[in-house]
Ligand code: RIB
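Only one chain is shown below, in structure tokens, and it's the form predicted on its own.
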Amino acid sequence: MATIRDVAKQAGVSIATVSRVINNKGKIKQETETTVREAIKKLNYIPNKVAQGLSNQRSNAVAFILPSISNPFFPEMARAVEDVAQQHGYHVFICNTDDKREKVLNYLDNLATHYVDGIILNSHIIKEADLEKLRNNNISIVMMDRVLEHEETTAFAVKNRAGGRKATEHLLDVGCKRVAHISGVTDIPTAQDRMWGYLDVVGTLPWYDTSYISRSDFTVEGGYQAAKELFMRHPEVDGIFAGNDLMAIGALRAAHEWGKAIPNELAIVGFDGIDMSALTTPPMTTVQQPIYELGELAMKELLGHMNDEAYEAKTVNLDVELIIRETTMRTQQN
């Protein structure tokens, strides 16, 4: 494999001159540049991208920090981030945190001292002060599902509260009389917003009290355990709005074990619109987020932030859509 020294020898110039041609830096005679580029082509020389990054303070690499690679929601978003990044000559490092603060901080420390040009960060446990080192190293940041107060940080999210209202209203519309909610844990803003959407609809109804809400983590097992708790507390529950599709799948499993016919005895709505929601038995009604679009927009925004000195941050909240499938298609209203 040819080296930069080989190119310099072939072209009859110094290594520094070859470096200036590769990095488009400094004044070089056209004749010299042509000679160097011909030598590069003849030797099939491939420049060292790391060395180029050290030279121009750019790595052509970005990081996507996400809470759980096992949740199908995030790989789909990561695919969009990678698609856009590759179109613009960037590589993407995927950083899975398992929703643990110490792992998030470890990634941030490492990324701040190793050349990445930008970070898309999806973490509800991050604090404004945690990002100071990144900004001091001129690393651009775009947030997902979390709005920070810093004026230079763009954030992307969806209308979670409106989605919660859509899900709950739909359950009442198909004839449910007692609608419960399986919520994510209280320190996750998206979980809180979806719960508030549920409360907007049922919070003032005569039968409602807080025992109709069961909290768990955003997993199938979490939804399964939360649904069983609801069935024990309120056997009369005939509708469940789950805070994400994985929890809805867990609730569906619990319903089968308890002998509840879906959807006539129990209707279920999830949230996210992951591909798996269409593959359950029966297929799951869900509030669909534009998952791919979120990742695509976030990466395009990061590119703009990295390359535009006049960049202005903003907060973007995208619409969600209710996708009606068989878990709420009742043949008769109760």
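Only a predicted model underlies this, so the values are computations on that prediction, with no experimental measurement involved. One rule holds for the numbers: they count along the sequence shown, beginning at 1.
Beyond what is shown, the protein has a form predicted in complex with the ligand; the following relates to that form.
>> Going by heavy atom distances of 4.5 angstroms or less, which of 96, 225, 71, 264 would be at the interface with the ligand in the predicted bound form?
In response: Residue within 4.5 Å of the partner: 71.
> Out of 198, 218, 90, 156, which one falls within 4.5 Å of the ligand in the predicted bound form, going by heavy atoms?
Replying inline: For this set of options, the contacting one is 218.
> For residue 289, is any heavy atom within 4.5 Å of the ligand in the predicted bound form, or not?
Replying inline: Yes, contact at 4.5 Å.
> Would residue 146 show up as a contact with the ligand in the predicted bound form if we use heavy atoms at 4.5 Å?
Replying inline: The answer is yes: residue 146 has a heavy atom within 4.5 Å of the ligand.
> Is there a non-hydrogen atom of residue 301 within 4.5 angstroms of a non-hydrogen atom of the ligand in the predicted bound form?
Replying inline: Judged by the heavy-atom cut-off of 4.5 Å, residue 301 is well away from the ligand in the predicted bound form.
> Any chance residue 140 has a heavy atom within 4.5 Å of the ligand in the predicted bound form?
Replying inline: Residue 140: no, not in contact with the ligand in the predicted bound form.
>> If contact means a heavy atom within 4.5 Å, which one of 170-178, 186-194, 202-210, 130-138 is the stretch that engages the ligand in the predicted bound form?
In response: Among the listed stretches, the partner-contacting one is 186-194.
> Though the partner is not shown here, which residues of 259-279 have a heavy atom within 4.5 Å of the ligand in the predicted bound form?
Replying inline: The stretch touches the partner through 272 alone.
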